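So this first bit is one chain, no partners, the form predicted alone, shown in structure tokens.
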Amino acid sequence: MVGQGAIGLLTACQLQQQGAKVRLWLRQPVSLAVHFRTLDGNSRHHRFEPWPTDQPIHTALIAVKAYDALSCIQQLQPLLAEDACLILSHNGLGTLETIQPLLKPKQQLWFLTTTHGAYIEPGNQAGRQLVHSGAGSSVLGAIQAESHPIPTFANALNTALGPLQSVTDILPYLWRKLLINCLINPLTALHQVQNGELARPCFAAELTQLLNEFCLLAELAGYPQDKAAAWQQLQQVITSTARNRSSMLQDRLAGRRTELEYITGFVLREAKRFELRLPGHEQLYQLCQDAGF
């Protein structure tokens, strides 16, 4: 496992509970204690040791922020086996184009997207306080691989973040998740509200505009969306995660860099490619920048 974000640690804890040997690769190679609260409310304690610097890495889940993905893989390169399998997992899009050229011919790149909810409670200096806040499902697909059979690590991911679906083309799923992210994340972070607040009537017109604009772009990009189904899914996510703080809101409240450039920023860069104006997304992006994130 690479990184110490919520999804990476959730995967690590779930695997360790099943008896798997899990090590973490961190910039500072130290052991990490995690106090894990499961979906049923039970608390369990985990400790993870750092990856030995003299052992090659054959399989790594890289669950870091989108803006850290490239530098992370650059630092990992000296440790990667010739046939290493890397599994990326982050919000947004825009990293694959810079990462793929770094890989050797036999190295594989996969992408995992998940709807499992998890967060790290702030302020615990003795270790990470991790909460599994919502059950979900995951989708795994190859970005760069010699062939596309179900990889051996899929069973482990199914144990940790299942049910897991393996697909031959992950990009339509990433665009579908991008749709949800670029509507919920910037708005909740800008207004500093929980997801459920977006169900209020005052947000309906803006959400509708953002959705309509996204669907125009997705059609041009080759990932068409069913507008009615997308609206229904959006409302379902808002309702089912009503008490959650989006990842972008959590980052803003903690004073961390957000993934705005890989969510709304990516949408606007793609729109520019097609000479398409998206005034709703443009305004939202500018407001977020003016707010300092």
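Start at 1 and count along the sequence shown; that's the residue number. The structure presented is a predicted model; accordingly, all values stated were derived computationally and were not measured.
Although not depicted, the form predicted in complex with a small molecule is the subject of the following passage.
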Legend entry - Answer option from T95, S89, N181, S138, heavy atom within 4.5 Å of the small molecule in the predicted complex: N181
Legend entry - Among the candidates V237, L26, A230, L32, the residue which, in the predicted complex, approaches the small molecule to within 4.5 Å (heavy atoms): V237
Legend entry - Contact at T11, Q16 and R37 by the small molecule in the predicted complex, all three, heavy atom at most 4.5 Å: no
Inset, instruction - Would you check, heavy atoms only and a 4.5 Å threshold, whether T258 touches the small molecule in the predicted complex? - result: no
Inset, instruction - Using a 4.5 Å heavy atom cut-off, state whether R128 contacts the small molecule in the predicted complex. - result: no
Inset, instruction - Tell me, yes or no, whether Q225 is in contact with the small molecule in the predicted complex, where a contact means a heavy atom of each within 4.5 Å. - result: no
Legend entry - 4.5 Å heavy atom contact, K177 to the small molecule in the predicted complex: yes
Inset, instruction - Pick the stretch from 52-60, 38-46, 240-248, 66-74 whose residues have a heavy atom within 4.5 Å of the small molecule in the predicted complex. - result: 240-248
